[in-house]
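A single chain, nothing else alongside it, follows as structure tokens in the form predicted on its own.
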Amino acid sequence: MAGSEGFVEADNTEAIIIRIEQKSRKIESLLRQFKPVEALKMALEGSPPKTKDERCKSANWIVVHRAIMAIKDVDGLFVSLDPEYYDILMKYLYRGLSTGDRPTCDQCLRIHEKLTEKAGLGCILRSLADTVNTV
């Protein structure tokens, strides 16, 4: 089965969901402490889960979405966010844009603009060309 290396077995889906729930609790705690950038970093760590299971992807998207929507200072975001997160953040921004939800799309477009300025057009191309890390 070429192309499926690196993905977990369906038996581990529940374990992935439990890890995402634990991560969600930590992120909510950071958001209550008014630390949205740290929450976003945590949400992006280990993302996406190495699974093709849509429940896992959706659960992880909810966590990332919560952190994205909490960002108020988009310029300040990129002062603190490490470049290693840029490509995966771009993938989640496109997922957010695909929802069609107006507030989500507005926030994703604001971040997309700054991320493109910071990371360049290559970030867009890498996120679109990456077929392994699906969000």
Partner chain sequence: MCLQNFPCQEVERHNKPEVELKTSPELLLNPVLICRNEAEKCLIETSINSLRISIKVKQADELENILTKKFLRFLSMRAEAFQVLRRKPVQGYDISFLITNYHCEDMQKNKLIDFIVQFMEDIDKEISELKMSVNTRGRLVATEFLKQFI
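Positions refer to the first chain, counted from 1. Just so we're clear, the structure is a prediction, and the values are computed from it rather than from any experiment.
The protein also exists as the form predicted in complex with its partner chain; that form is not presented, and the subsequent description refers to it.
Asks: By the heavy atom within 4.5 Å rule, which residue out of Leu31, Ile88, Met69, Cys105 makes contact with its partner chain in the model of the complex?
Replies: Selected option: Cys105.
Asks: At 4.5 Å by heavy atoms, is each residue in Asp101, Ser127 and Asp130 next to its partner chain in the model of the complex?
Replies: Judged in the model of the complex, Asp101, Ser127 and Asp130 all sit within 4.5 Å of its partner chain.
Asks: Taking any heavy atom pair closer than or equal to 4.5 Å as contact, tell me whether Ile62 reaches its partner chain in the model of the complex.
Replies: Looking in the model of the complex, residue contacts with its partner chain do not include Ile62, since no heavy atom lies within 4.5 Å.
Asks: Verify the contact flag for Leu97: yes if a non-hydrogen atom of it lies within 4.5 Å of a non-hydrogen atom of its partner chain in the model of the complex, no if not.
Replies: Flag for Leu97 set to yes.
Asks: Quick one: find which of 89 to 97, 69 to 77, 54 to 62, 33 to 41 has residues within 4.5 Å of its partner chain in the model of the complex by heavy atom distance.
Replies: Residues of 89 to 97 come within 4.5 Å of the partner.
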